[in-house]
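Below sits a lone chain in structure tokens, taken as the form predicted on its own.
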């Protein structure tokens, strides 16, 4: 198939001529759209779009969508979808009143996932991750970042990154890989954390970068994990080998993660459930993107990030799912939008922008994904007609998407 023309689109969402910068302030509130539209796809690329009242181009195949709405695919810039097993037993422990730290002390949490992953073959990891990737594609995600971090040994971290690379090579969505060897201190190094940090910097990072297994280097900079000083040391090692920084910051407290991220020119600092005006002002003077993960707060019962305040302060906020087995066992971005609106008081337009174009910037794929723009990848999804854009976050339990198109091809939702 060479060209595909979608006609009679009820509303074509996120139509932009250019996407040069992440959106903030009043721009974050603006979600341009086109009523009664057509969209022309040439193989895997958006060729053009316009109003049905103008001249409609010819195409090899024409699909009359009869008033359906068309959206660009979500850009989910923070996930951990490669893991060995789910952790529903810890879910019950939380229901019994145990804290994140107490569960970790009893062998749960990240170290539990690491232990199980070391015992799981690469092929089995790949097969289970395939299912999760296909699941989120079915939810409308077209670009995704996937982190390692459940290995915590040289061999297991590399095994995870090889699985991510196989996903990238197999599936038509954009997959970015992040090395997160500094997710936790493994049990074997609990009395000598500096040796583990040395292993990360002297052995893991050079190998991962040399083999082209990751785009980014991440550190869990928070209470009980890595200090800001350790974080900067690790990220500097990543920079030396071409791995750009990202940081898990301020999930469990105000612990200096934002400061470390800005100092290292991190692409993003993610979580930010605990923030003061100091961190907000620091981000305002930087290019580091604040990424909010409301599903984590929902599942763990943590305070929600101050999305409304950050948006009002002019920060280019990003929304992502944090899909992982322990704190967010869901990659449904439409539910992330609902939480952002309900719990962070974002407007629907702000939430959509944060989960599409700003998410694309957080993965450095803004020239290919995040909006309906000529020359970008034709990765979109269709819904039935709605009265208002707000219906998507409003109807939080409904599956509104009925058709997925990835790189110009209809995706079979299994």
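Numbering follows the first chain given and starts at 1. Everything numeric here is computed off the predicted structure, so don't read it as measured data.
Another form, the form predicted in complex with N-(iminomethyl)-L-glutamic acid (NIG), is not on view; read the next lines as being about it.
Segments offered: 162-170, 340-348, 317-325, 197-205. Contacting N-(iminomethyl)-L-glutamic acid (NIG) in the predicted bound form at heavy atom distances within 4.5 Å is 317-325. Using a 4.5 Å cutoff between non-hydrogen atoms, residue 110 counts as a contact of N-(iminomethyl)-L-glutamic acid (NIG) in the predicted bound form.
Under a 4.5 angstroms non-hydrogen atom cutoff, N-(iminomethyl)-L-glutamic acid (NIG) in the predicted bound form lacks residue 132 among its neighbouring residues. Heavy atoms of residue 100 reach within 4.5 Å of N-(iminomethyl)-L-glutamic acid (NIG) in the predicted bound form, making it an interface residue. Among heavy atoms of residue 157, none comes within 4.5 Å of N-(iminomethyl)-L-glutamic acid (NIG) in the predicted bound form. Scanning 141, 250, 296, 268 against N-(iminomethyl)-L-glutamic acid (NIG) in the predicted bound form with a 4.5 Å heavy atom cut-off leaves one residue, 296. Scanning 176, 332, 87, 244 against N-(iminomethyl)-L-glutamic acid (NIG) in the predicted bound form with a 4.5 Å heavy atom cut-off leaves one residue, 87. Of all the residues from 168-184, the single one having a non-hydrogen atom no more than 4.5 Å from N-(iminomethyl)-L-glutamic acid (NIG) in the predicted bound form is 183.
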